[in-house]
Structures are given as C-alpha cells and as structure tokens.
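Next up: just one chain, as structure tokens, the form predicted on its own.
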C-alpha cells in the first residue's frame, strides 16, 4: 500500500515513529510536514516538505517547486499571486494538495481531528481514502466543551473512511459525535518495542517511599489532587517523596506545594529525555497517575513493561490496561483520600505480593501492547478502509 501519515509536521510522536518504522517494511510510507527540520529520520520512510513556517526563503522555493511540477503556466501564475499577496494558509493548502496528488496514496492517515480542514477537498470528492486517529483532548475534551467544534466534527465524520482509536473509551467518545452501523471503527492499542524495555527483576520499596509522575502540568493530569494526597500522607506520618517529571516552573503547582507545606516532600523536575525518565522509573517505588481525562496513557504501559507498579485514577482507557489489585491499582479520580489510602495499603504489602502484580502487569503489556501487534492491527484497518 501507499500510505500518507499526516500530523502537520515532522515532529512525529513516538507512536507514529514506531508505526511508520513497522509499516515501511512492506509498504510505501510518506510523512508530509510544514517544517524543514527532521530530527530523526525513520529508515525507508519518505519525507515530503510542504514549506517551512520558520524560513520564508525555503517556503517560497518549496512552493514554487511544487507549483512548477504541475506544468501549468496558469497554475504557476496563481501561485506567484498567492505568494505576492502573502496568503500563507492558501499556499500551504495548495502545497498539501499538490503533494498528495503526486503521491496518489491508497490512504491518508490523519493523526488528529484538528487536521481535518486540510482534507476537506479530498473528503468531498472522495478521491482518496482518509483514516482518522482519535486520541487525546481533541477527542476526549474539546468537542464536549466547544459546540462549534463538536458540530464541525459531526458534519465531516460521516465522510471519513475509517477511524482508529487508542482505547475503547476514546472509541466511545467518537461514537457520541457520530455513530453508524456501517462505520469502520477499530481500537488498535499503542505498541511498544518491548525488547528494549527490560523488566527489572529485582524490586524493593525504597525508604522513603519514592512516588513519581510523568507529564506536562496541565489540569487534565490532576496533579492538584495528587498533591492533596501527599498532604494526607504527610499528616499520617508516611515517609515518602514525590517527584513530578515535567512539572518544573508551573506557578500553580509551586503555589499549591507551598500552601500544603510540602516543599521537603515534593519535587518538580524539568522535562528530560525518555531514557533518563526510564532510569528514574526503574528506581522508583510507585508510579502515580492522577489524571481526570486520558486516552490510554503510554506512561502506564511503559511503567508496567519496566516493572514499576502503577496506581492510577479510573480515567479514560486505564481500566482496559490495569485490573485493580492484579496488574496495578485503580482509584476514583478527583479523590485524594482514596489515593492516599491505596498508597498506604501499597506501603504495607509484602514484596511477594507486589512481585505478583509486577509480573502480571508485564504479561498484560506483552499481550496487548507489542509493536508487532500494533502494526498488524493498523494494516488490517487500512485494508478495511481501502476495500470498503
């Protein structure tokens, strides 16, 4: 198959990078982007530049090159006029459509709902099949707090060839926007290179108990509830330290930490490379996920693969991954008391019981989140869309 992966840039997520690396073995894969820098090229993947937003000269040169490839003088004049009047968005749209028409893909895989406006032309004339991934706040939150966005998606969803969801809970959110008995709509879980995520056989609860969270300081992460839980742990005399990787510099979190008197118990770290995150996770006692909204958090899958026990709120697709007390621990969201009592329970568990949970968690990840399974699932979904 000839497949276009489109997320608007070359700064593709780890999920996309793993996906295209697997797809490129047997298919022609193209990544289209509106920037120049490609930080990490994936072998056998073809990168098509649509014009840099950062470099005006490169933007003009790329635009003229794409326009000239049409071999139409009138089209070239139209392009020159757009450049002269500085109609950047129209130029970018034209560049995208030219690149797609030259590739002639079997399928365009959009990574986010916000990219739908770029493909309206293709959706209307049904020239190419379009698959949409549903994940993150663009599916879980934005349509349900923004009526204009909700009805925009409701208008265009019926014209899309198929839908990919990262979890069943996200799939259900998409069904609220548009539901149809003929809809091609599948869950394909994120795949990980599990051979690179070595399970830590030896585990010990550190003193103090080392709690860790990973993620940007956004309200959906529910860190305020995690800090409230830390205050309860402190008051109960539990010896612990909590680190939020990625929380550095957030004024609200800094203020709340001070208000709760947790300066000596809680640390906010800057974002660090994934390899360093994994090393910190291997030496932690417990991963906390305090989120209010999630799809299916990759950090939970990674932690379970590495052997770090996970305690998470019952947000999004987490319950598709964690079975309470068997592969991890689940507590209600926005409930610091429940989180505190579960941490206290965890602190009293024997190492033997924790080892049972760790091993069961690794088996769950191997069964549900192997990268080969992800590739196979996406290939089937692509095929279903193209034969529809």
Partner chain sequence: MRIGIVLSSPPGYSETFFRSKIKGLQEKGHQVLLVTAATKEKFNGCEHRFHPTVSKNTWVQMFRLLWVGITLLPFVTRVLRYVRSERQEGTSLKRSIEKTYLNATLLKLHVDWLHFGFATMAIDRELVAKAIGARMAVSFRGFDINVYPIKYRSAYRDVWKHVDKVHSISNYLVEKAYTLGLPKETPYQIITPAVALQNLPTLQEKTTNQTLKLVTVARLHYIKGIDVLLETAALLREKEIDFTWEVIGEGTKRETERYLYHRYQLGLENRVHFTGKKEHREVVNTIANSDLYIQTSLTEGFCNAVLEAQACGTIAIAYATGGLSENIKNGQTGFLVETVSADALSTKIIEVLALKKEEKKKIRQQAVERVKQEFTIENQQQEFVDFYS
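A quick note: this is a predicted structure, and the numbers were derived from the prediction, not measured. Residue numbers count along the first chain shown, from 1.
FYI, the form predicted together with its partner chain isn't displayed, but the following is about it.
- Residue 334 is the only one of 41, 353, 56, 334 with a heavy atom lying within 4.5 Å of its partner chain in the model of the complex.
- Among 116, 292, 277, 83, the residue placing a heavy atom within 4.5 Å of its partner chain in the model of the complex is 292.
- Of the heavy atoms in residue 142, some are within 4.5 Å of its partner chain in the model of the complex.
- Looking at residue 217, you'd find a heavy atom of it within 4.5 angstroms of its partner chain in the model of the complex.
- None of the heavy atoms of residue 261 is located within 4.5 Å of its partner chain in the model of the complex.
- Within 4.5 Å of any heavy atom of its partner chain in the model of the complex lies no heavy atom of residue 270.
- In short, of 299-307, 238-246, 222-230, 95-103 it is 222-230 that has heavy atoms within 4.5 Å of its partner chain in the model of the complex.
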